[in-house]
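What follows is one chain in C-alpha cells, specifically the form predicted alone.
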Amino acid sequence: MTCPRCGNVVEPSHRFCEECGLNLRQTRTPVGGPLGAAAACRGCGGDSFGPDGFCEQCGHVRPSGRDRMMADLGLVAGLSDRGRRRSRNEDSMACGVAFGAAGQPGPASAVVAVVCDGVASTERADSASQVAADQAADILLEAAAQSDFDAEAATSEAVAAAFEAVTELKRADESPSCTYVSAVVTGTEVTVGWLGDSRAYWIGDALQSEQLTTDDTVVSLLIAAGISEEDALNDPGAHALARWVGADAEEREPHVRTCSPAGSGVIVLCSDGLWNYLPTLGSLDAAVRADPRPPSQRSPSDLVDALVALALESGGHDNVTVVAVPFPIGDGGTT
C-alpha cells in the first residue's frame, strides 16, 4: 500500500508515513477549518473582484474562506455557512475518521465530529471555536485508533483540550469563548459531549428520534428549577448561555452520554443557526424526512446541504453549521 499524501510505500502496520509524516490511522478536516473557495460574490453572485477585494459589480467585499466551509469524508460530512445577516462566520467544525489496527485502506473504527459556535459577544469568537474544534478532534481521533478506546473518557479529555486551547487566546480584557458539541460514532454506539446550546440529534430510519443534548441556557435552568416553560421563556435573559468553553467559564466538566441505537439512522450535530428555525425535535425530524429516503441512506453531504439551505431560506439570521454521520458507520472513508 502507499501513503495517500505522498505515494511512499508503507506497510499495513505503519502508523505514520516515514516520508511525509502523515498519520495513516486517521483522515480528518484540515486544522484551521475546511476553508471554502469563496469564489462567488454573496451580493450579486459575480466572480470579478478588484485588487481592493471588493466586487466590481455590486461593491460587496469578497467572501472569506470561512464564509462557507464544506467537508465530505464519505462517512461524515459538514457544512458551515456565515448566514445572511452576520458579517463573519464564527461557527467552526472538525471531523474525521479513525482507522483501527491497520492504516488506509482498512476498516474504520470510529467517526468523530465536533461543532463549536463562537459566542458573538466575545472577541475572536471565530478563532475560539476553530481551535476548540480542532483540538478536540485531535484528541478524539487519536484515542479512537487505540485498542483500549474509552469514548466517554476521550470526550472529557477532548473538552479539556478545547478549554486549554481557547484559554490561550485570552488577553487582559478579552476572553474568547464558544459552545461545544461532539459525537464519537462506532458500529454499535454513539457518545456525545457538550457544553452550551449546540445540539446533537438521533434521527432513526424507523421513525424513532431523540434530542441527545440539553441546552445549557438560562431558560433550561429555570425550567429545571420548576418554573413553567411559559414564565421561563419570558425571562429577559432566557436564551443566555449558562455554560460554555472559555477562560471565564465557571464549570468545565462537560455533559457526556452514550447510547446504543437499536437500528440505523443518522446523527446530526448543529449550531443554533439551524435549530432557531427548527426548535423542536419534531420540526427537525420532519425536515430530515422531507426526503423520502431513509435518513441513513442519504449521503451525509446531501443531508447537511438541505438543512443549511433550509436555514438560509428561512432568513439566515445567524451562522449555521450542520454535521451528519450515518449510523452504523461503514468500513472506510474517502479523503
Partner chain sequence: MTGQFQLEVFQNEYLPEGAAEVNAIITVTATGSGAAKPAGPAAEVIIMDCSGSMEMPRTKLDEAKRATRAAIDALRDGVQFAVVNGMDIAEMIYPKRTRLVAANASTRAEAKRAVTAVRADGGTAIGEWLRLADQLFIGHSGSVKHAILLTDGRNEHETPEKLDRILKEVSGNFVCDCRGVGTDWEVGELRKVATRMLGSLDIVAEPAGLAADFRAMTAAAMGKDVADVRLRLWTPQGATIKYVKQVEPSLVDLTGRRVESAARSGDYPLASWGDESRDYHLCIEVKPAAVGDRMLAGRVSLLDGDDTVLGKAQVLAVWTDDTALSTRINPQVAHYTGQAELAEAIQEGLAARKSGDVETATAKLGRAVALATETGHEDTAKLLAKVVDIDDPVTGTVRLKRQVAKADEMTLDTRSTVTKRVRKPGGS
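Rigid core (definition): largest C-alpha set, two forms, superposition within 1.5 Å. Positions refer to the first chain, counted from 1. Keep in mind the model is a prediction, meaning the values are calculated, not measured.
A second form of this protein, the form predicted together with its partner chain, is not displayed here; the remarks below concern that form.
Distance criterion of 4.5 Å from any heavy atom to its partner chain in the model of the complex singles out R85 from the list R85, R171, H239, R252. For the options A290, A40, V61, A309, the residue carrying a heavy atom within 4.5 angstroms of its partner chain in the model of the complex is V61. None of 206-214, 171-179, 226-234, 86-94 except one has non-hydrogen atoms within 4.5 angstroms of its partner chain in the model of the complex; the exception is 86-94. Heavy atoms of D302 never reach within 4.5 Å of its partner chain in the model of the complex, leaving it off the interface. In the model of the complex, Q57 approaches its partner chain with a heavy atom inside 4.5 Å. Interface residue remark: H317 is counted as part of the site for its partner chain in the model of the complex, having a heavy atom within 4.5 Å. Its partner chain in the model of the complex is not approached by P30, whose heavy atoms all lie more than 4.5 angstroms from it. Once the rigid core is overlaid between this form and the one not shown, Y277 does not reach a Cα shift of 2 Å, moving by less than that.
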